[in-house]
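Quick heads-up: it's one chain on its own, the form predicted alone, in structure tokens.
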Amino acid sequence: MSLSRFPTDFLWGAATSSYQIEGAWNEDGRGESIWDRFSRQPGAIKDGSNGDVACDHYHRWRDDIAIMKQLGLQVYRFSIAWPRILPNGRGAVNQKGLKFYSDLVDELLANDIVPFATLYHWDLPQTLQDEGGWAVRSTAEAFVEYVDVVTSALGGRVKQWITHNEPWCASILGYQNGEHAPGLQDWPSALAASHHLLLSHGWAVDVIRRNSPGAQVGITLNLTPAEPASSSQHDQEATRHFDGFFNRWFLDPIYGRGYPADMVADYAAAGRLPGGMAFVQAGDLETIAAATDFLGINYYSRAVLRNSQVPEADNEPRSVFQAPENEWTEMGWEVYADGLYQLLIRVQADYNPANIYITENGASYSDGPNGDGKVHDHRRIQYLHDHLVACERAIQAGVKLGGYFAWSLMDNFEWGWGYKQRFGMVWVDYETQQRVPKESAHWYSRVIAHNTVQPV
């Protein structure tokens, strides 16, 4: 496909998150996070590892910014570790933690890289979890205090802010199925957590605007286009439920529609809302629908739904895939670039965000250095190529897409998988902390330089 250039103001970047790369888990006054606690539970992480050291970015950030500069990144999406700023979740501020991010921002700006900060990427202070975590309203209140501290310190230099990364993961994976920290399995807690995450987002928007005049403020959702495995009514119903569970439960309230009535009914019928929607107080929905400047979308794959009709499985729909011959990443996720195009068209049509950024998109492949010292990760290049083609098609169709962040800048701690999965464009030797830009990094650098998808 012959592509025109992307818009001249299109932003090209890469993304990371604090717990996945920083390490230094107990240095310079940082408090314990729920991932520090969770990763020490036997069996919680597939390879038995944790993020104590990770990529040692806390000590090697200057070298990492030099790599970003070498690759020509225009913008860098990173997250700020709440326990590094407020070790107890609220109260006393850890000035050494603030200085780390202040120095990071200064170095980015000195290298003409725009800092794009995420305020919450899942590393909740453990002290707040001990009080109930996101399942209780006081955590949303504490988040506002944390946001005030960070944006007061950095708001003059950072003008791009994301409140939360993937509240679906933080609530459902953390509080319902236990795959992520804090490792709970309780539907009522998960649904309350989803509300308090969104509520804290809404509260934070005004705080950020006050402390960072002229800033762009948004939230990042992981969204998955859903389609039925067949034309049967059962599969159509399974798709409706999945879309509500995964996408609309978060999109609808953010864009002023409240929680989808069909999902409230589904959850109530399944006994997942024993107290009803009592966690929603007067004014909450208006707060959640605070006007934002962009929506961040994280996209990895699609879901194809079949209703299992298995009573012992609570009639939950199951994801199946129509094209087993397709390529799969090493995470077991189908490579389906057209899903990104479909998703962007749907979100623009149904919700009309002021702007959209692809804040994460990438693939896990374990290719390492060959005898020539290079990492020939051609599958990742093909993945990025095809998804950027989908982005360009969406722009041509009228989608207001303002930028793309590859996930991830470097290999890192991949949550419940530990170090078994490698999403990075930069290879990391975890024993020596050596960094080796992969061929995908060099390919992406050419994309940035020419503002056009490059041949594979």
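All residue numbers are counted from 1 along the displayed sequence. Every value quoted in this text rests on a predicted model; they were computed, and no experiment measured them.
There is another form of the same protein, the form predicted together with a small molecule; it is not shown, and what comes next is about it.
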{"query": "Every residue of 121, 165 and 300 near the small molecule in the model of the complex, heavy atom within 4.5 Å", "finding": "yes"}
{"query": "The unique member of 427, 61, 38, 415 whose heavy atoms fall within 4.5 Å of the small molecule in the model of the complex", "finding": "415"}
{"query": "Among the candidates 284, 377, 334, 360, the residue which, in the model of the complex, approaches the small molecule to within 4.5 Å (heavy atoms)", "finding": "360"}
{"query": "Interface stretch in the model of the complex with the small molecule - options 152-160, 83-91, 265-273, 292-300, non-hydrogen atom within 4.5 Å", "finding": "292-300"}
